[in-house]
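We begin with a single chain expressed as structure tokens, specifically the form predicted alone.
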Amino acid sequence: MEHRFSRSAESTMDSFIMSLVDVAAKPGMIAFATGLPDNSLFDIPAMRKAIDDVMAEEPYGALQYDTATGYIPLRKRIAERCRRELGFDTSWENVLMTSGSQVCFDLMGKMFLEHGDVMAVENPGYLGAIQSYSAYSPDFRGIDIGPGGVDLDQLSEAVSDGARLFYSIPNHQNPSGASYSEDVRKGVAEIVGDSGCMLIEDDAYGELGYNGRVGRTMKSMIPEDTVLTGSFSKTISPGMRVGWMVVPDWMVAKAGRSLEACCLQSNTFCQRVIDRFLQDNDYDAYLQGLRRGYARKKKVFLDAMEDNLPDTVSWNDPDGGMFVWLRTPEGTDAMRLYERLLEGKLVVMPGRPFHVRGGANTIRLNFATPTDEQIAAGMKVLGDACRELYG
């Protein structure tokens, strides 16, 4: 008898992301492709101390089950940071701990999407989130994003057509590096507020602006219509898989129940270690170190691009995050560049998979992962390939 997969399994998109991690890990490869942070910026001594302290002081609690919605001291710490740095008041009870932001995306799809529902996503948008939502087979509406944020007319049209969700990264967007201007933030709030559409505000890179946060959170502007998602993956450790979401009061019970049904609870041990790390260290000073580190890496990367790449390609200069957005000439297919670079042992991320439509002539480059020496070597490979393909 032939077995049949469910609609959600059949609908889930393929993803380049983790397959490229495997490719990049092969000996001799240089990776400009992944979303991995810079290994040299991990605070290993502080993390080792946090782990030792947790195991010395609360070993049974750290190794035992906890509440479905997460370790309460860490939720209180996140709620306080929301009040102090993110511009809105919330109770710790509105903060739900998850296994990275990816679980947040899946929960929102599970709670709000039926087959064929309209969902607005940035175009280009974060591939991992789009893949997560694809399991619920929505009608994706791509909202074009430029240097100052999303196209408000396109967003208004999608919301008027009944969009249930709008997934966005207002700060240092993945993959483009763009951030929403104040006018665009106001426009999004006016369009989404009280419309019946929920805004999912992914703040994964919000703490990594080189000069601090670049604008108000959408959660502070339309709190009842916004779920803010955050993560310690880009600041402390992606391997620990500690993320969180802040939901409105009316969603707390349903979100908690959905989280429990999904995974019973997220990682108790890692939540306690993160909480101890934050208790023992000045997090703002720590973030300043990350910002300086990534700002320096970006300069090294952009200088190497300027020195090696021909005028036939163009790129942006982001003010935060980890990514540079490269454009090949109009009408070209950057997959040819991707394949050519693999031959030279350089891995980049093609831009087309981030798009609902278009994007054939785009490439996402990560400057956080490679070392300075790898940047120099990889950029020579990239420059040679660009000259060969585009003149």
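Just count from 1 along the sequence shown to find any residue number. Worth saying up front: this structure is predicted, and the values here are computed from it rather than measured.
Omitted from view is the form predicted together with a small molecule, to which the following refers.
Q: Given the stretches 131-139, 67-75, 111-119, 231-239, which is the single one in contact with the small molecule in the predicted bound form, using a heavy atom cutoff of 4.5 Å?
A: One stretch meets the cut-off, namely 231-239.
Q: Can you work out whether F166 and the small molecule are in contact in the predicted bound form, taking contact to mean some heavy atom pair no more than 4.5 Å apart?
A: No, F166 is distant from the partner.
Q: Taking heavy atoms only, is T217 within 4.5 angstroms of the small molecule in the predicted bound form?
A: Although the small molecule is absent here, T217 would stay clear of it in the predicted bound form, with no heavy atoms inside 4.5 Å.
Q: Is G149 part of the interface with the small molecule in the predicted bound form - any heavy atom within 4.5 Å?
A: It does not: once the small molecule is placed as it appears in the predicted bound form, G149 has no heavy atom within 4.5 Å of it.
Q: Within 4.5 Å, heavy atoms only: does S156 come near the small molecule in the predicted bound form?
A: The answer is no: S156 has no heavy atom within 4.5 Å of the small molecule.
Q: Pick from Y294, Y126, F277, F301: which has a non-hydrogen atom within 4.5 Å of the small molecule in the predicted bound form?
A: None of the other options qualify; the answer is Y126.
Q: Considering M245, I143, A178, A204, which brings a non-hydrogen atom within 4.5 Å of the small molecule in the predicted bound form?
A: Among M245, I143, A178, A204, a heavy atom within 4.5 Å of the small molecule in the predicted bound form occurs only for A204.
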